[in-house]
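The chain below stands alone and is given as structure tokens, in the form predicted alone.
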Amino acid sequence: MLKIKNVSKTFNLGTINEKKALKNINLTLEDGDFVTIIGGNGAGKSTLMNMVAGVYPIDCGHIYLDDDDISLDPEYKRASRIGHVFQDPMMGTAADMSIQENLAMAARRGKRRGLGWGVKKSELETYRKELKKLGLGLESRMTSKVGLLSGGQRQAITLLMATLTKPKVLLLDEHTAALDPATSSKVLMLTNKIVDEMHLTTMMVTHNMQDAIDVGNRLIMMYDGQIIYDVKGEEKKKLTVNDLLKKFEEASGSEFVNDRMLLG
């Protein structure tokens, strides 16, 4: 489904701020894989996600999606096949537009645009059914502006928008990190439900080690722009947070000191 081959990325090349964010990354995701990605600050997690989405150009290597080489495709060309949910609940939606207008934009992602009603009557019932699945009562507030919603409600809407038309790959970049623990748990449960029902190939960056263990069928640990640990199946299910800390120390030769991930 997704193949990343010999991909590297360096920011600010040739300057005092030069940073090698990714170093010869090789990664293959099979159809339906749900991969959680963990690592300390600057490990390359979000950069890897942005390389797949096309936010930044890669320095070298190739990215394949369904055997199509998308390495040189800009972000807007990949958008029709890749769903992306960000850490900030304010991103991914238009705050001054209604819930139904935001969903209508998502439904048209990657399609040709023309002159016509922004939201067709025939679409409203579909949106109402999809919103009802969220269990947040938003199906009765479809004309409300998205900017008036809480962070959790808005992130749920963003998740729905990213999967309204089934993407080839769903990217979740710490999409629960800005939420309080209770809301974060609800959004994560909703994520699991959507990914499972739609059989989505998914990559999820998280700062919470326990979530990384509990969610998905595969876990990847990154350090200094490289993948240092890759585990799946029954071996992943048996992991504990202490196991991950030990694996990190063995692979990197240093102690894990990211407070946010440890406390999470």
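Don't overthink the numbering: it's just position in the shown sequence, from 1. Being a predicted model, the structure only gives us computed values, none of them experimental.
We do not show the form predicted together with a small molecule, though everything after this point is about it.
Contact annotation for residue 21: at least one heavy atom lies within 4.5 Å of the small molecule in the predicted complex.
Among residues of the shown chain, residue 47 is one whose heavy atoms approach the small molecule to within 4.5 Å in the predicted complex. Put simply, residue 61 is far from the small molecule in the predicted complex: not one heavy atom of it is within 4.5 Å. Interface membership of residue 56, defined by any non-hydrogen atom within 4.5 Å of the small molecule in the predicted complex, is confirmed.
Heavy atoms within 4.5 Å of the small molecule in the predicted complex are found in one stretch of 38 to 46, 192 to 200, 64 to 72, 229 to 237, which is 38 to 46.
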